[in-house]
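Single chain ahead, by itself, as structure tokens, in the form predicted on its own.
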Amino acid sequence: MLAAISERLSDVVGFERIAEDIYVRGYSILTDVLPVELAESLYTHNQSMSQAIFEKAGIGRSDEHQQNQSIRRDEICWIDGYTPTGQMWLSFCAELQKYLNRRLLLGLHSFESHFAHYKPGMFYKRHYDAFKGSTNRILSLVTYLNKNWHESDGGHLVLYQNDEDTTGIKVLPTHGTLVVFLSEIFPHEVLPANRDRYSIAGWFRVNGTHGGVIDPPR
């Protein structure tokens, strides 16, 4: 299976569509870019994971990290690449990172991601993934692992154009949909769902190391 994924990674047509979308409007929403084999492997792996390894998500990094259930109520499990599925996912994202650096000169240095589980009624209120000027997270990426998902199931990602936008673009979290957007530009939120909602969230970062102090990915 890993060989099959590698062959698909050499096809840059989907990556070019993402790059063009990012260049023109700052975000990309595509339903047919994630390799089918990878999407299926992620779905199967996610369904087999024990809930015991998920932890309540928080906000902020390092010493500023805190749990605040009035803002977000999802549970997460970081992807470390120790499993074949994790390796395939990180390989796909590494190829995307290289392509976007070459095409858009973004200077992306590292990538971090996790599985996310929203139980029925759980949410993540409107927020930014990075503060302007922080040169931390540059691009946010989300893909969904929910089969047979319908509008009535809820759980939409809402991507807002700016702070004044109150309508936003609603994205149904259907299996295989991939969303990439500029982390500092687009506030967004996750609406409550009526079913268990599964996804992967990830962030491409630049190198924030300075003064001999290493900037960790989390």
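The first residue of the shown sequence is 1; numbering continues from there. If you're wondering where the values come from, they're calculated on a predicted model, not measured in any experiment.
Only in words, not in the display: the form predicted together with N-oxalylglycine, which the text now covers.
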At 4.5 Å between heavy atoms, only one of the stretches 162-170, 28-36, 182-190, 41-49 reaches N-oxalylglycine in the predicted bound form; which one is it? 182-190
Quick one: is F92 in contact with N-oxalylglycine in the predicted bound form, heavy atoms, 4.5 Å cut-off? no
Going by a heavy atom distance of 4.5 Å, is F111 a contact of N-oxalylglycine in the predicted bound form? no
Though only this chain appears here, would Y99 touch N-oxalylglycine in the predicted bound form if you measure heavy atom gaps against 4.5 Å? no
So in the predicted bound form, does E75 come within 4.5 Å of N-oxalylglycine, heavy atom to heavy atom? no
Going by heavy atom distances of 4.5 angstroms or less, which of M88, I79, V142, L145 would be at the interface with N-oxalylglycine in the predicted bound form? V142
Of 150-179, which residues get within 4.5 Å of N-oxalylglycine in the predicted bound form if you count heavy atoms? L157
